[in-house]
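Next comes just one chain, in structure tokens: the form predicted on its own.
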Amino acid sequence: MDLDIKGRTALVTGGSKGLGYASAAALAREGAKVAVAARTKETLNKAAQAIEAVPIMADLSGQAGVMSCIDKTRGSIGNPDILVINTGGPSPATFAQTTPDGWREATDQLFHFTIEMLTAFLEPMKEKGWGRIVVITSFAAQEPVPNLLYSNALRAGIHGLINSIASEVAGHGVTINAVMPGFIMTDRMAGLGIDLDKAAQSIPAKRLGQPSEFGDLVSFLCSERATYITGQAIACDGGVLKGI
């Protein structure tokens, strides 16, 4: 299937590894001009070279780094047609282990960062009459995961944000959706201390997902073929989510 995004410009944050890299690679394969943003120079340059993307060196954990990313993106590819918002997950915690500083850090990392990227790039998409936004969240937004309290709470709020914005911009040719990864075999998944073999058996598909499978879903939602899909939270989880 031709996704008809050849020549479109795309920014993928957190795009040097894991789900971000898989998304950037999928978009690049479809002919989009992709910029990937990350803070680790060596990893970023290696990833950008592998998929012929533009590297955007920026520490996205603070507002100064976010503003730098926005400026560098505009200087290299202009205001992107496609925006994939991806951040690392907050530290694991139960509610008893959360702290006021932890909440502020997690909120900045997930919620405020998403808002800042949308504030920068949504209006130009509306003016152009075409835009695709995908926010990578987690299946924890719909079914809370033990010991991931920060993520459980904040990602659900991001889904509310996405759904609200979708109704405002659909008439301008702009779509915005969330994609919820389940157990996908990334470095972060390996670092959570989860028994991966046990996790695989709990998944109806009886295996962990591959990053490329996730990237294919993201690239489809960013395509001309997905014009009528917006305001949705779509899982890529091998059947883990049970809610209707």
Ligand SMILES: NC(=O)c1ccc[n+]([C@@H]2O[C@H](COP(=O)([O-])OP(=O)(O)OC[C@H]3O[C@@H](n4cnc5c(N)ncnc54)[C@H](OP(=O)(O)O)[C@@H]3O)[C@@H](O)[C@H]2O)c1
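From 1 onward, residues are counted along the sequence shown. Values in this document were obtained by computation on a predicted structure and should not be read as measured data.
Keep in mind the form predicted in complex with this ligand is missing from the figure; the text below concerns it.
- Heavy atoms within 4.5 Å of this ligand in the model of the complex belong, among the stretches 215-223, 27-35, 195-203, 58-66, to residues of 58-66.
- Interface residue among G173, G88, P92, G102 relative to this ligand in the model of the complex, by the heavy atom within 4.5 Å criterion: G88.
- Contact here is defined as any heavy atom lying within 4.5 Å of this ligand in the model of the complex, and by that definition each of G15, R39 and I184 is a contact residue.
- Proximity of R188 to this ligand in the model of the complex falls within the 4.5 Å heavy atom cutoff.
- Put simply, I136 is close to this ligand in the model of the complex: some heavy atom of it is within 4.5 Å.
- Within this chain, A10 is remote from the site of this ligand in the model of the complex, having no heavy atom within 4.5 Å.
- In the model of the complex, this ligand sits within 4.5 Å of a heavy atom of R155.
- Applying a 4.5 Å heavy atom cutoff to this ligand in the model of the complex picks out no residue from 213-244.
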